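What follows is a single chain, given as C-alpha cells, in the form predicted alone.
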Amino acid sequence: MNIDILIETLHPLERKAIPHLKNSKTLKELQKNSGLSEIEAMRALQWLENKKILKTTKKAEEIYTLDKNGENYSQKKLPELQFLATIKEKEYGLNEIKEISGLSNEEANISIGQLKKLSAIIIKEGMKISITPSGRKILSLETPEQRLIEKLIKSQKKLTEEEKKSFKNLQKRKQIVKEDIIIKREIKLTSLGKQITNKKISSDLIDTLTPSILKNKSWEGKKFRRYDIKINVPKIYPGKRHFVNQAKQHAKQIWLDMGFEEMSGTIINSSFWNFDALFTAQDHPVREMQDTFFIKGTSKLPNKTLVNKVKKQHEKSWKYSWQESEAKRPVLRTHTTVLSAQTISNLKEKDLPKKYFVLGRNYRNEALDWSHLFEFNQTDGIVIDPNANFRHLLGYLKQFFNKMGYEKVRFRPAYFPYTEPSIEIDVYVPEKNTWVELGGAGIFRPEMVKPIFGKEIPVLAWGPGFDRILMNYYKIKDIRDLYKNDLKQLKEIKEWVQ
C-alpha cells in the first residue's frame, strides 16, 4: 500500500501514538510520552502492528514485594527477632515475653518454632525461655529473611539463589511477601514504521460523520479517514438457539412435513404406563433401581377396565401374579414410548389411520461416560393403520435419517420386549468409513396393542436416541460435550443446515 494512503487510514489513537514511537521502547514509555491511557496505547500498538508499522514483544518479569505484615516487620523486625530482643538480657516466661514485646499468640508461637530450629533459645522448666549464643549471633547479624525484607523495601529486582530460598520461607508465612508476574511489552519499529515516523501526520481528518457535521457543512475542504476493508477484524457471533435445539427443531419439522402429529406428556409417569402398558414384566431387569429413577409416593392408575386388561395379558403371557402396587410406582420416564402407549389408549377405530411423533427428554440411571448420559433425548414415532406393514416402517425410517443427513441407512434383525419383528437402525459415517448403530424399531406386539386399544392392529414404532444422531454432524466425539455449555463452543459451532 502507498505510504500516503496508509497514513490516511490511521485511527486517531494511532496518529497520537506515532510521533512518540521513536522515543518509546515500551508500552509504559508510550503511555507516558503520548498521554494515552493503557488501553488506548494497547489498541494503538495492536492496530499499528496489524499495519506492519511496528512489532511488539512480550517479556515476563518477576516482581517481589512486601505484603501487609512484611511492611510492618520492615520497621519492627520479624517476630522471632523481636522475641530474641526481649530475652537478650534476661530469661522470661512466655506470657511475660508476649506482654513486653507486644507479640500476638500466633506470632509468639511462630517465633518459638523458628528459633528452636535455629537452636537460638532454650526452654527451661516452668516455661522459662532464655537466649543461646547462637541466638545472640542471629540477633546481631539478623536472619537472611529479615535482610531480604529490608532489601525489598528499596528494590524489587532479581533475587540471588540464597534470597530466593529466604523468599520461599517467608511465603509460607502469613502476608509477609508476595510474588507477581508483570508483562513488559517492548516496541520495535519496522522499516515501514521508520519511514512513517519521519512523515508529518495530520490530525485534520474527519473520522466519524455526524449529523452536526452534515448540518453545518464543516466537512467541506477536509479529508475523510480511509477505512481498510481488508484488515483483520474480530469475528462477530450472532445470537442463536443452542445447537441441540436447532437440530431438534429440524427433526420435528421433518416429522411434521411427513404428516405426523406431535405427542406430549409428563416426564413423571406411573410404572403402569412406563412398563406395564408396554408389555414389560414386573420382574424385568429394566425395572430395577440400577436402571431407573423411581420417585417416592404412588401414582394414580387409569380406568379399572384398562388396568384389568393389561393385568390379564401379563398373567397369561408371563405366568406370574401381577401386582397393582408395583404399577403405581412413580418413575422418571425411561423412554418417550410411554407417550405412544398413552396415545394409542385414547384412540378409537374411527380415528384411524394416525401418525404421531415425539422428541423429548428421558432419564436412566446410567454411568456417565463418552457415549452415555443419564438424561437424554429420544425421538419416538408410531403409525396406527390397519394397512401398515413392515416395508412402510423401513420407508419412514429411511426418509427421516436421509433428511437428517445420513445418505446410507441399513436395518438388522433385533429383539425388543414389545415389538415383533424388531430391527436395529444403522447409518453409514463416511468420515469413519463405518456403520454406526442409532436405535431400534419394529411393529408393536399384539400382546401390547390389544389390551390398550381393544383389538389387534398393526402399529409401526421406533425410538432411536436423538443425541447420538447429532454427534457426527457436529463432529463431537464425547456425548457429554453436547451439554457442557462451553461459551467458545456455543459461539463457534456451526449452524444446523441440511
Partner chain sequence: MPTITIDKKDLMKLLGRTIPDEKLKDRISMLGTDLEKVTDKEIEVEIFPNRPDMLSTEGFSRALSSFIGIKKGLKEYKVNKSSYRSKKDSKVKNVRPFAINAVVKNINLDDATIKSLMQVQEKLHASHGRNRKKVSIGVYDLNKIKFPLTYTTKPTSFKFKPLEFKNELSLKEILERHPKGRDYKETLEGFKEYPIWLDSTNQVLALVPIINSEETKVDKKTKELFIDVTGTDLKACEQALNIITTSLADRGGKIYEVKVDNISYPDLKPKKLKLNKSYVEKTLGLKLTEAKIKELLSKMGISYSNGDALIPTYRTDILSEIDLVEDIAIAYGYENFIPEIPNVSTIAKESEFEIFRNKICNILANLGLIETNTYNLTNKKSQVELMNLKKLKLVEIENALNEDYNVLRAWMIPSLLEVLKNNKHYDYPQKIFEAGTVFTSDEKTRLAISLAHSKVTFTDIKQILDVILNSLDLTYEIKETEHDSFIPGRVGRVSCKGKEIAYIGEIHPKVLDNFSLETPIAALELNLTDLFKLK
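Positions refer to the first chain, counted from 1. From a predicted model like this one, the values you see are computed outputs, not experimental measurements.
Another form exists, predicted together with the partner chain; not displayed. Remarks below refer to it.
Of the candidates Trp322, Tyr428, Tyr92, Trp318, Trp318 is the one whose heavy atoms come within 4.5 Å of the partner chain in the predicted bound form; the others do not.
Checking Arg136, Arg412, Lys217, Lys199 against the partner chain in the predicted bound form, a heavy atom within 4.5 Å turns up for just one residue: Arg412. The shortest heavy atom separation between Ala367 and the partner chain in the predicted bound form is within 4.5 Å. Using a 4.5 angstroms limit between non-hydrogen atoms, Glu456 touches the partner chain in the predicted bound form. Within 4.5 Å of any heavy atom of the partner chain in the predicted bound form lies no heavy atom of Gly440. Contact annotation: Glu261 falls within 4.5 Å of the partner chain in the predicted bound form, judged by heavy atom distances. Picking from 93-101, 110-118, 221-229, 372-380 the stretch near the partner chain in the predicted bound form, with a 4.5 Å limit on heavy atoms, gives 372-380.
Residues of 398-434 placing a heavy atom within 4.5 Å of the partner chain in the predicted bound form, in sequence order: Lys398, Gln399, Phe411, Arg412, Pro413, Ala414, Tyr415, Glu420, Pro421, Ser422, Ile423.
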